[in-house]
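The chain below stands alone and is given as structure tokens, in the form predicted alone.
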Amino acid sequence: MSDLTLAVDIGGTKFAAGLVEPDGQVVAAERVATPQGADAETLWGTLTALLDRLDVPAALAGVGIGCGGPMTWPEGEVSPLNMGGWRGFPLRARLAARFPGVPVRIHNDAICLAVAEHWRGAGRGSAAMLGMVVSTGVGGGLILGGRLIDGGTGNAGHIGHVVVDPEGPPCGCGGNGCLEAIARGPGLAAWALAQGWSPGDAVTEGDLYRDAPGALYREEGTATARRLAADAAAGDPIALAAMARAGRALGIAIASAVNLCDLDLVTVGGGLSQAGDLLFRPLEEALREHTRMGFAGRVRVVPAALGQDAGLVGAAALVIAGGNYWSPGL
């Protein structure tokens, strides 16, 4: 049996697959744009063609998969919000049939990113951390006692739906005032437009944007979170207010998680996190306002450290480091 693990990272803008060594090093990887508007079998065919390009060895240690949710877990029937062609699609079962005789494990893609940061990134050595992704959506994964916490349905750590403003904007989940409704990139740009923001010329190559973390995708139009961050850096007052609004919402949500779970570290990745101090300064201010208990004041919030391969590294960890990141018996 090979010591290589096949890692698969499924997102709304790209499919990625890679071969990962036991130390977390990605030794080969292939990527392809996600077919837009495709049906179930077209999406599956895109993935299998990608695996064929990767030249996967006959013997593997296992297969780890990160995929956008929702999904039934751990069965792995997936219904990604941004891939209408897959509704209840048996992704784990299909891959298990293609690679029989080895463990095939699947989790939410944001959870895999959190796992990657804990295993090989900015969270190494932390016993209690939250790994976050702030991009077109807001998600996360929770590590307590050095182990991934799954929750009853595999959704623990879903900080994007912590309510930060009960009177706030509607969220795609059906609620109001969720962190995701305020801090996700497209929502943030929409808020700025409603306040009178006129996208400037600070970003001349504004159609390329680095998503969570490291996946390049194309943003249509000019009113994007990337352009908003660039305008904020150039001093545009509405853009600055928008970034402050997002940072404050993040700080409030993180404070709630810290007070509940006694965290020592939070890592923040994804496209919006690349705004740097424009986001992290108001985040820190709000966080410190709401972490007044002594134990909570010790938390650190840092940018995610891993880049383009983070999703693959986290997916592989479900197999390679399953003692910490996979529940026994699943």
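All values derive from a computational prediction rather than experimental measurement. The numbering used is simple: start at 1 and walk along the sequence shown.
Heads up, the form predicted together with a further copy of the same chain isn't pictured, but that's what we're talking about next.
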_Listed residue that, although a further copy of the same chain is not shown, lies within 4.5 Å of it in the predicted bound form (heavy atoms), from 190, 234, 173, 93_ = 173
*So which of 198, 256, 195, 79 gets a non-hydrogen atom within 4.5 Å of a further copy of the same chain in the predicted bound form?*
256
*Have a look at 115 to 123, 234 to 242, 85 to 93, 141 to 149 and name the one stretch with heavy atoms inside 4.5 Å of a further copy of the same chain in the predicted bound form.*
141 to 149
*Verify the contact flag for residue 260: yes if a non-hydrogen atom of it lies within 4.5 Å of a non-hydrogen atom of a further copy of the same chain in the predicted bound form, no if not.*
yes
*Can any non-hydrogen atom of residue 166 be found within 4.5 angstroms of a further copy of the same chain in the predicted bound form?*
yes
_in the predicted bound form, residue 226 touching a further copy of the same chain (heavy atom, 4.5 Å)_ = no
*Residue contact check: residue 159 to a further copy of the same chain in the predicted bound form, 4.5 Å heavy atom*: yes
*Quick one: in the predicted bound form, does every one of 252, 289 and 293 get a heavy atom within 4.5 Å of a further copy of the same chain?*
yes
